[in-house]
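In the form predicted alone, a lone chain appears below as structure tokens.
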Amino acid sequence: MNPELEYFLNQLINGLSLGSMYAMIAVGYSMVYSLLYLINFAHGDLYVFGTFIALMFCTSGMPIVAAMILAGFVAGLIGMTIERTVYRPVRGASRMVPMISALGAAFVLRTIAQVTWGTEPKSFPALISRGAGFTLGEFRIQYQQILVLAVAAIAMLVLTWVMEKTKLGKATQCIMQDITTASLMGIPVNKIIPLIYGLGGFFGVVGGVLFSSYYNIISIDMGMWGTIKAWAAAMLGGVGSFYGSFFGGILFGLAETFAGAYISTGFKEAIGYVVIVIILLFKPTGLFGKKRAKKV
């Protein structure tokens, strides 16, 4: 195989793997944003908190897959609690008030995590033995990379089924269009919204465990990083579109990986945001987003 082609294919699979992890975190963020158009600053700290819980389960002897699922449910319950105690009381207030509430929730989660697990980065166990894989000619693919892509694809298929085939999904779509009208039509808004917060937390933890397992590290600082990445991927794909957020995360991971491979590792973070700015200049709603109608 041509060395340049082999290098390109390696970077492609690396970018798809990284993008899949971004996508999982971004979908969880987008689920909340799509309902209330609230910048959920607590999302990053919530998924990191849940990932630390998964690590705690793993160190106690629980298999990592079971730990990920159980920690996802715990994070979902925490997300529902945050919605009920922090967001719902200020839902009708001016946009700045919910943002401040979200920041407060983020700092509370971060403080509890720091007190419980410390501030130093920790090693995270691998879902599959690191380095294990197979070769196609001279091109090597790791099982970890296949697993990340498979989990992301399955999660997206499950979410698609939930949103299109279940009462929860259809009610969610109604709330996304107009929360007031949905309430007047008898949709239990105050029951649906907490469930979506819970799903957002669950998907965030899945993405967090995949990332920490892939790179063998977890850190408190990943919270703010995760919020920024999720927001950026959601903007790129289109706010209000779960599929857009998913593919936005994929594209964001590809942009960073190829920028680091062909330009400079020092610029790879910036290049991803440059791509977002360029796309938003020509399509302000993002690649798959739709303009939100305003009633007057």
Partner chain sequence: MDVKVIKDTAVKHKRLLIVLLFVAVIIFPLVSSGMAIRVGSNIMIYSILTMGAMLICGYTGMLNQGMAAFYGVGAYASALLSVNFDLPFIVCFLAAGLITAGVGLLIAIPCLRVETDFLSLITIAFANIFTAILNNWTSLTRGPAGVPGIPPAELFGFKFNTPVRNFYLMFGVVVIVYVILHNLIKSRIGRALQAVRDNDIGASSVGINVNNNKVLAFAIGTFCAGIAGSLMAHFIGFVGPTNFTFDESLLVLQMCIIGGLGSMPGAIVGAAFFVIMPEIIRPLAVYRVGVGGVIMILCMLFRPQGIMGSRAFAGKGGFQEKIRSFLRRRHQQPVA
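Remember, it's a predicted structure, so these values are computed and weren't measured experimentally. Residue numbers count along the first chain shown, from 1.
In what follows, reference is made to the form predicted together with the partner chain, a form of this protein that is not presented.
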Only one of Ala270, Ile263, Val65, Met56 gets a heavy atom within 4.5 Å of the partner chain in the predicted bound form. Which one? Ala270
From Leu184, Ala150, Val115, Ile217: within 4.5 Å of the partner chain in the predicted bound form by heavy atoms is Val115
Give a yes/no on whether Val86 approaches the partner chain to within 4.5 Å in the predicted bound form, heavy atoms considered. yes
At 4.5 Å between heavy atoms, is Cys174 in contact with the partner chain in the predicted bound form? no
In the predicted bound form, does Ser123 come within 4.5 Å of the partner chain, counting heavy atoms only? no
Would you classify Ala105 as touching the partner chain in the predicted bound form, given a 4.5 Å non-hydrogen atom cut-off? yes
Stretch from 43-51, 242-250, 227-235, 57-65 whose residues place a heavy atom within 4.5 Å of the partner chain in the predicted bound form: 227-235
For 72-95: residues with a non-hydrogen atom within 4.5 angstroms of the partner chain in the predicted bound form? Thr85, Val86, Pro89, Val90, Gly92, Ala93, Ser94, Arg95
